[in-house]
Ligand code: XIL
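Single chain ahead, written as C-alpha coordinates, the form predicted alone.
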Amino acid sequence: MKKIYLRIISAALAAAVLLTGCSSRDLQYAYDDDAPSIAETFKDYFRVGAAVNSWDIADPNSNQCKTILKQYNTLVMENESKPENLHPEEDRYYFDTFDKFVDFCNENDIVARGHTLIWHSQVPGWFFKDGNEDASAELLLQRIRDHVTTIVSRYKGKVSTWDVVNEVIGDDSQLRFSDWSRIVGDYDGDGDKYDFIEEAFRAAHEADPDARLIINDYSLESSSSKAIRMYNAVKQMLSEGVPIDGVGFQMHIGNGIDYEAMKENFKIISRLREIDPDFIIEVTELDVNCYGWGEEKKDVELTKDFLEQFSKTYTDVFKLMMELSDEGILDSVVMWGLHDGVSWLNDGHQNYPMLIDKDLKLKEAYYDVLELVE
(Lines give C-alpha, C1' and ligand atoms only; values in the text may rest on other atoms or scores of the structure.)
Protein backbone atom coordinates (compact mmCIF):
# COMPACT_ATOMS: atom_id res chain seq x y z
CA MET A 1 0.00 0.00 0.00
CA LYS A 2 2.85 2.37 0.88
CA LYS A 3 4.37 1.82 -2.60
CA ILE A 4 1.04 2.69 -4.23
CA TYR A 5 0.81 5.93 -2.24
CA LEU A 6 4.40 6.82 -3.18
CA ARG A 7 3.68 6.21 -6.84
CA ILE A 8 0.59 8.43 -6.66
CA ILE A 9 2.58 11.20 -4.96
CA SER A 10 5.42 10.88 -7.47
CA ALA A 11 2.98 11.05 -10.38
CA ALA A 12 1.31 14.13 -8.90
CA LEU A 13 4.64 15.86 -8.44
CA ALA A 14 5.68 15.00 -11.98
CA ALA A 15 2.41 16.40 -13.32
CA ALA A 16 2.88 19.59 -11.32
CA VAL A 17 6.38 19.96 -12.70
CA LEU A 18 5.14 19.67 -16.29
CA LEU A 19 2.22 22.04 -15.80
CA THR A 20 4.35 24.77 -14.25
CA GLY A 21 7.24 24.39 -16.64
CA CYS A 22 9.51 23.73 -13.71
CA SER A 23 12.02 20.94 -13.54
CA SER A 24 12.63 17.96 -11.35
CA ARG A 25 16.33 18.74 -11.71
CA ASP A 26 18.01 20.81 -9.07
CA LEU A 27 18.65 23.77 -11.36
CA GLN A 28 21.71 25.75 -10.35
CA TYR A 29 22.77 29.33 -10.74
CA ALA A 30 25.18 29.79 -13.62
CA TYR A 31 27.81 31.26 -11.30
CA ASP A 32 27.66 28.56 -8.59
CA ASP A 33 31.03 27.04 -7.80
CA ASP A 34 29.71 23.53 -8.35
CA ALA A 35 27.66 24.39 -11.45
CA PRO A 36 28.80 22.85 -14.73
CA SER A 37 30.51 25.08 -17.30
CA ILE A 38 29.38 24.96 -20.89
CA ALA A 39 32.77 26.21 -22.11
CA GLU A 40 34.59 23.55 -20.13
CA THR A 41 32.21 20.83 -21.28
CA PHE A 42 32.70 21.64 -24.97
CA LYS A 43 36.41 22.49 -24.77
CA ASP A 44 37.33 19.58 -27.04
CA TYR A 45 34.87 20.80 -29.68
CA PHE A 46 34.77 24.60 -29.73
CA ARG A 47 35.00 27.72 -27.63
CA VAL A 48 31.70 28.90 -26.17
CA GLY A 49 31.13 32.59 -25.57
CA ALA A 50 28.60 35.37 -25.10
CA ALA A 51 27.89 38.94 -26.12
CA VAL A 52 28.30 41.20 -23.10
CA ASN A 53 28.27 44.88 -22.19
CA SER A 54 30.70 47.01 -20.20
CA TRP A 55 28.54 46.94 -17.06
CA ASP A 56 28.58 43.13 -17.06
CA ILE A 57 32.32 43.07 -16.44
CA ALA A 58 32.72 46.25 -14.37
CA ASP A 59 32.41 44.53 -10.98
CA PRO A 60 34.29 41.21 -10.67
CA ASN A 61 32.18 40.35 -7.63
CA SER A 62 28.85 40.69 -9.43
CA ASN A 63 26.90 37.60 -10.33
CA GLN A 64 26.96 38.65 -13.99
CA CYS A 65 30.74 38.77 -14.02
CA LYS A 66 31.02 35.51 -12.10
CA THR A 67 28.72 33.90 -14.67
CA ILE A 68 30.91 35.13 -17.51
CA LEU A 69 34.10 33.82 -15.94
CA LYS A 70 32.45 30.52 -15.07
CA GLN A 71 30.65 29.79 -18.31
CA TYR A 72 32.55 31.33 -21.24
CA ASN A 73 35.99 31.44 -22.82
CA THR A 74 35.31 33.88 -25.65
CA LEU A 75 33.49 37.23 -25.51
CA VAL A 76 32.26 39.97 -27.82
CA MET A 77 30.74 43.36 -27.03
CA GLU A 78 27.07 43.48 -27.94
CA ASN A 79 26.97 47.12 -29.09
CA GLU A 80 29.80 49.16 -27.67
CA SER A 81 32.37 48.32 -30.36
CA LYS A 82 30.09 49.13 -33.30
CA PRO A 83 31.07 52.12 -35.49
CA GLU A 84 28.62 54.62 -34.00
CA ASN A 85 30.14 54.05 -30.55
CA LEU A 86 33.79 53.52 -31.41
CA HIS A 87 34.15 56.14 -34.17
CA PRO A 88 31.25 58.62 -33.92
CA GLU A 89 33.14 61.50 -35.55
CA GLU A 90 35.67 61.44 -38.35
CA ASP A 91 38.54 62.79 -36.27
CA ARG A 92 37.56 61.23 -32.96
CA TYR A 93 37.61 57.66 -31.64
CA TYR A 94 36.30 56.50 -28.26
CA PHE A 95 38.47 53.58 -27.22
CA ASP A 96 38.08 53.61 -23.43
CA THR A 97 35.20 51.12 -23.17
CA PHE A 98 36.63 48.68 -25.70
CA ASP A 99 40.10 48.99 -24.14
CA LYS A 100 38.67 47.85 -20.81
CA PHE A 101 36.85 44.97 -22.48
CA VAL A 102 40.00 43.78 -24.26
CA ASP A 103 42.04 44.08 -21.06
CA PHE A 104 39.41 42.06 -19.17
CA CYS A 105 39.57 39.30 -21.77
CA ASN A 106 43.35 39.18 -21.87
CA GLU A 107 43.67 39.21 -18.06
CA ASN A 108 41.24 36.28 -17.76
CA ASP A 109 42.54 34.17 -20.65
CA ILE A 110 39.38 34.80 -22.68
CA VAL A 111 39.40 35.11 -26.47
CA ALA A 112 38.26 38.60 -27.49
CA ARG A 113 36.21 39.13 -30.63
CA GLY A 114 35.64 42.47 -32.36
CA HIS A 115 32.13 43.26 -33.66
CA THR A 116 31.77 44.92 -36.15
CA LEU A 117 33.98 47.10 -38.36
CA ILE A 118 31.67 47.76 -41.34
CA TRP A 119 27.87 47.53 -41.17
CA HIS A 120 24.94 49.32 -42.82
CA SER A 121 23.35 49.88 -39.40
CA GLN A 122 24.67 51.67 -36.28
CA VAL A 123 27.13 53.61 -38.42
CA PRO A 124 27.47 57.42 -38.18
CA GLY A 125 26.36 59.40 -41.21
CA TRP A 126 29.63 61.32 -41.58
CA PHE A 127 31.18 58.31 -43.34
CA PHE A 128 29.00 58.97 -46.39
CA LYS A 129 29.12 62.76 -46.60
CA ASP A 130 31.48 65.37 -47.99
CA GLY A 131 29.98 68.63 -46.83
CA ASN A 132 26.38 68.62 -48.01
CA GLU A 133 27.08 66.16 -50.80
CA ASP A 134 27.64 62.44 -50.93
CA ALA A 135 31.22 61.38 -50.39
CA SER A 136 33.01 60.19 -53.50
CA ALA A 137 33.89 56.52 -53.91
CA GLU A 138 37.56 57.44 -53.41
CA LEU A 139 36.84 59.29 -50.17
CA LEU A 140 34.63 56.53 -48.76
CA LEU A 141 37.19 53.84 -49.57
CA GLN A 142 39.86 55.92 -47.82
CA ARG A 143 37.62 56.32 -44.80
CA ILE A 144 37.05 52.55 -44.71
CA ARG A 145 40.79 51.98 -44.81
CA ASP A 146 41.52 54.59 -42.11
CA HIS A 147 38.72 53.31 -39.85
CA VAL A 148 39.67 49.64 -40.12
CA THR A 149 43.43 50.22 -39.92
CA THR A 150 43.20 52.47 -36.86
CA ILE A 151 41.03 50.06 -34.88
CA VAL A 152 42.62 46.75 -35.83
CA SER A 153 46.16 48.12 -35.40
CA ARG A 154 45.35 49.31 -31.89
CA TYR A 155 44.32 45.80 -30.82
CA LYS A 156 46.86 43.82 -32.82
CA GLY A 157 47.62 40.61 -30.94
CA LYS A 158 44.86 41.31 -28.40
CA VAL A 159 41.67 40.82 -30.43
CA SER A 160 41.95 37.48 -32.18
CA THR A 161 38.89 37.70 -34.45
CA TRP A 162 37.04 40.51 -36.21
CA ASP A 163 33.62 40.57 -37.82
CA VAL A 164 35.01 42.75 -40.59
CA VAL A 165 31.75 43.24 -42.50
CA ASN A 166 28.29 42.45 -41.24
CA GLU A 167 25.03 41.61 -43.04
CA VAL A 168 26.01 42.44 -46.62
CA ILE A 169 23.60 39.91 -48.17
CA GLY A 170 19.99 41.10 -48.09
CA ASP A 171 16.76 39.20 -47.53
CA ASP A 172 16.44 38.91 -51.33
CA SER A 173 19.76 37.00 -51.36
CA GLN A 174 21.42 39.80 -53.34
CA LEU A 175 24.18 42.15 -52.27
CA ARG A 176 22.48 44.52 -49.84
CA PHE A 177 21.81 47.98 -51.23
CA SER A 178 23.45 50.27 -48.68
CA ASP A 179 25.37 53.53 -48.66
CA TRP A 180 28.55 51.44 -48.81
CA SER A 181 27.57 49.63 -52.01
CA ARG A 182 25.74 52.63 -53.51
CA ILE A 183 28.68 55.03 -53.26
CA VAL A 184 31.61 52.68 -53.88
CA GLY A 185 29.87 50.49 -56.46
CA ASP A 186 32.09 48.61 -58.91
CA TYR A 187 35.08 50.84 -58.29
CA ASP A 188 37.68 48.48 -59.77
CA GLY A 189 35.56 47.65 -62.83
CA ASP A 190 35.62 43.86 -62.39
CA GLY A 191 31.87 43.47 -62.72
CA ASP A 192 30.86 43.18 -59.05
CA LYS A 193 30.14 45.62 -56.24
CA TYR A 194 32.12 43.85 -53.51
CA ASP A 195 34.78 46.57 -53.57
CA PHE A 196 33.95 48.11 -50.16
CA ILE A 197 34.07 44.61 -48.63
CA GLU A 198 37.41 43.85 -50.26
CA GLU A 199 38.90 47.14 -49.04
CA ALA A 200 37.84 46.43 -45.45
CA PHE A 201 39.32 42.91 -45.43
CA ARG A 202 42.60 43.97 -47.02
CA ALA A 203 43.02 46.82 -44.56
CA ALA A 204 42.26 44.53 -41.58
CA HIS A 205 44.76 41.92 -42.77
CA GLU A 206 47.49 44.51 -43.26
CA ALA A 207 46.82 45.91 -39.79
CA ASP A 208 47.00 42.48 -38.11
CA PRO A 209 48.05 39.57 -40.34
CA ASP A 210 47.41 37.07 -37.53
CA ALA A 211 43.82 38.08 -36.78
CA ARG A 212 40.96 35.91 -38.02
CA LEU A 213 38.74 37.90 -40.37
CA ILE A 214 35.05 36.97 -40.64
CA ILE A 215 32.21 37.96 -42.98
CA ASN A 216 29.11 37.71 -40.79
CA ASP A 217 25.42 37.36 -41.73
CA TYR A 218 22.01 36.14 -40.62
CA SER A 219 19.64 33.45 -41.99
CA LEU A 220 22.46 31.52 -43.65
CA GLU A 221 21.30 28.43 -41.77
CA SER A 222 17.68 28.72 -42.97
CA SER A 223 17.88 30.26 -46.46
CA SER A 224 19.60 28.13 -49.07
CA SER A 225 19.48 30.97 -51.59
CA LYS A 226 21.23 33.27 -49.16
CA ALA A 227 23.83 30.61 -48.29
CA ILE A 228 24.50 30.05 -52.00
CA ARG A 229 24.88 33.79 -52.61
CA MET A 230 27.32 34.06 -49.70
CA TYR A 231 29.26 31.07 -51.03
CA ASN A 232 29.52 32.59 -54.51
CA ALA A 233 30.51 36.02 -53.22
CA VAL A 234 33.23 34.70 -50.91
CA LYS A 235 34.45 32.26 -53.57
CA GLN A 236 34.93 35.11 -56.00
CA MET A 237 36.70 37.31 -53.46
CA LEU A 238 38.97 34.47 -52.35
CA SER A 239 39.92 33.86 -55.99
CA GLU A 240 40.99 37.52 -56.13
CA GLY A 241 43.17 37.14 -53.06
CA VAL A 242 40.87 38.89 -50.57
CA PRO A 243 41.95 37.68 -47.08
CA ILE A 244 38.62 36.31 -45.78
CA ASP A 245 39.22 33.60 -43.18
CA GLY A 246 35.69 32.50 -42.48
CA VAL A 247 31.94 33.00 -42.54
CA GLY A 248 29.97 33.81 -39.41
CA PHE A 249 26.52 32.25 -39.05
CA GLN A 250 24.60 34.56 -36.72
CA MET A 251 22.00 31.84 -35.94
CA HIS A 252 19.12 33.98 -34.66
CA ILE A 253 16.75 31.07 -35.04
CA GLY A 254 13.18 30.25 -34.08
CA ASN A 255 11.98 27.64 -31.61
CA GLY A 256 12.00 24.75 -34.04
CA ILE A 257 14.22 24.57 -37.10
CA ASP A 258 14.55 22.30 -40.12
CA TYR A 259 17.60 20.31 -39.05
CA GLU A 260 18.33 18.82 -42.48
CA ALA A 261 18.01 22.18 -44.23
CA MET A 262 20.30 23.76 -41.66
CA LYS A 263 22.84 20.98 -42.18
CA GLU A 264 22.77 21.42 -45.97
CA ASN A 265 23.30 25.18 -45.72
CA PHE A 266 26.33 24.67 -43.51
CA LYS A 267 27.62 22.23 -46.13
CA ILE A 268 27.25 24.89 -48.84
CA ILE A 269 29.53 27.28 -46.98
CA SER A 270 31.86 24.44 -45.96
CA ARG A 271 32.68 23.92 -49.64
CA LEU A 272 34.81 27.06 -49.48
CA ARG A 273 37.44 24.73 -48.02
CA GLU A 274 37.96 23.49 -51.56
CA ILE A 275 39.49 26.91 -52.24
CA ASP A 276 41.11 27.54 -48.86
CA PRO A 277 41.76 24.38 -46.77
CA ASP A 278 41.94 26.52 -43.62
CA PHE A 279 38.60 28.24 -44.17
CA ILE A 280 36.49 28.29 -41.01
CA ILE A 281 32.89 28.70 -39.89
CA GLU A 282 31.92 30.43 -36.65
CA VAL A 283 28.53 30.63 -34.97
CA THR A 284 28.54 34.23 -33.87
CA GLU A 285 25.15 35.30 -32.42
CA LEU A 286 23.19 32.24 -31.31
CA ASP A 287 19.79 32.54 -29.65
CA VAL A 288 16.34 30.94 -30.02
CA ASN A 289 13.49 33.40 -30.53
CA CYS A 290 10.38 32.20 -28.74
CA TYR A 291 8.16 34.24 -31.09
CA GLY A 292 7.90 33.75 -34.84
CA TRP A 293 9.60 36.45 -36.91
CA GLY A 294 6.97 39.05 -37.80
CA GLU A 295 4.10 37.41 -35.92
CA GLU A 296 1.89 39.23 -33.44
CA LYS A 297 3.46 38.76 -30.05
CA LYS A 298 1.56 37.26 -27.17
CA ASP A 299 3.11 36.26 -23.89
CA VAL A 300 4.76 32.87 -24.24
CA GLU A 301 3.38 30.10 -22.08
CA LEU A 302 6.16 27.89 -20.79
CA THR A 303 4.24 24.69 -21.32
CA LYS A 304 5.73 21.21 -21.37
CA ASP A 305 5.51 21.08 -25.18
CA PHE A 306 7.14 24.48 -25.54
CA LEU A 307 10.02 23.63 -23.22
CA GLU A 308 10.59 20.28 -24.89
CA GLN A 309 10.72 21.95 -28.31
CA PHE A 310 13.05 24.64 -26.96
CA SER A 311 15.42 21.98 -25.64
CA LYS A 312 15.24 20.02 -28.89
CA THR A 313 16.07 23.13 -30.91
CA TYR A 314 19.19 23.80 -28.86
CA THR A 315 20.31 20.18 -28.79
CA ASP A 316 19.82 19.89 -32.57
CA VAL A 317 21.97 22.97 -33.11
CA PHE A 318 24.71 21.83 -30.73
CA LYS A 319 24.66 18.34 -32.22
CA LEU A 320 25.29 19.78 -35.68
CA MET A 321 27.99 22.11 -34.37
CA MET A 322 29.75 19.14 -32.78
CA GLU A 323 29.67 17.35 -36.15
CA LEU A 324 31.16 20.42 -37.84
CA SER A 325 33.82 20.56 -35.14
CA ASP A 326 34.70 16.92 -35.79
CA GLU A 327 35.16 17.88 -39.45
CA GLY A 328 37.54 20.64 -38.37
CA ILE A 329 35.53 23.53 -39.80
CA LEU A 330 33.96 25.07 -36.66
CA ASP A 331 35.74 26.05 -33.46
CA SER A 332 33.81 28.99 -31.99
CA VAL A 333 30.21 29.47 -30.79
CA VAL A 334 28.94 32.73 -29.29
CA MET A 335 25.57 33.21 -27.59
CA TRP A 336 24.00 36.60 -28.31
CA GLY A 337 23.41 37.73 -24.77
CA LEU A 338 24.20 36.74 -21.21
CA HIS A 339 20.71 35.71 -20.06
CA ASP A 340 17.01 36.04 -20.90
CA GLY A 341 16.58 39.28 -19.02
CA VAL A 342 18.98 41.28 -21.19
CA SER A 343 18.27 39.75 -24.61
CA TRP A 344 17.80 42.11 -27.56
CA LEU A 345 14.72 40.00 -28.36
CA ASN A 346 12.82 41.45 -25.39
CA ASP A 347 10.67 43.91 -27.33
CA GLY A 348 7.67 44.70 -25.17
CA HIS A 349 7.30 41.02 -24.30
CA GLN A 350 9.58 38.83 -22.24
CA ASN A 351 11.48 36.46 -24.50
CA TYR A 352 13.24 33.29 -23.35
CA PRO A 353 15.97 32.79 -25.97
CA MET A 354 19.00 31.85 -23.89
CA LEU A 355 20.18 28.81 -21.95
CA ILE A 356 20.33 30.94 -18.79
CA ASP A 357 17.18 32.56 -17.42
CA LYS A 358 16.74 36.16 -16.25
CA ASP A 359 17.66 35.18 -12.67
CA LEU A 360 20.93 33.61 -13.91
CA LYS A 361 19.65 30.09 -13.34
CA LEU A 362 20.58 27.33 -15.74
CA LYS A 363 17.67 25.94 -17.74
CA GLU A 364 16.71 22.35 -18.43
CA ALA A 365 17.84 22.89 -22.02
CA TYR A 366 21.30 23.84 -20.75
CA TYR A 367 21.70 20.45 -19.06
CA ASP A 368 20.26 18.66 -22.10
CA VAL A 369 22.87 20.34 -24.31
CA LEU A 370 25.68 19.32 -21.97
CA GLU A 371 24.48 15.72 -22.01
CA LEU A 372 25.40 15.58 -25.72
CA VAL A 373 29.00 15.41 -24.51
CA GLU A 374 28.52 13.44 -21.33
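Don't overthink the numbering: it's just position in the shown sequence, from 1. Here the structure is a predicted model, which is why all the values come from computation and not from measurement.
There is also a form predicted in complex with this ligand; it is not shown, and the following applies to it.
The partner is absent here, but in the predicted complex a heavy atom of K82, alone among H205, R229, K82, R143, sits within 4.5 Å of this ligand. Though this ligand is absent from this view, in the predicted complex it lies within 4.5 Å of a heavy atom of just one residue from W119, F98, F127, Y187, which is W119. This ligand in the predicted complex is approached by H115, whose closest heavy atom lies within 4.5 angstroms of it. The shortest heavy atom separation between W344 and this ligand in the predicted complex is within 4.5 Å. Heavy atoms of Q250 reach within 4.5 Å of this ligand in the predicted complex, making it an interface residue. Residue contact check for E198: none of its heavy atoms lie within 4.5 Å of this ligand in the predicted complex. Contact annotation: this ligand lies within 4.5 Å of heavy atoms from the stretch 74-82 in the predicted complex, the single such stretch among 170-178, 74-82, 89-97, 267-275. Applying a 4.5 Å heavy atom cutoff to this ligand in the predicted complex picks out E285 as the lone residue from 270-285.
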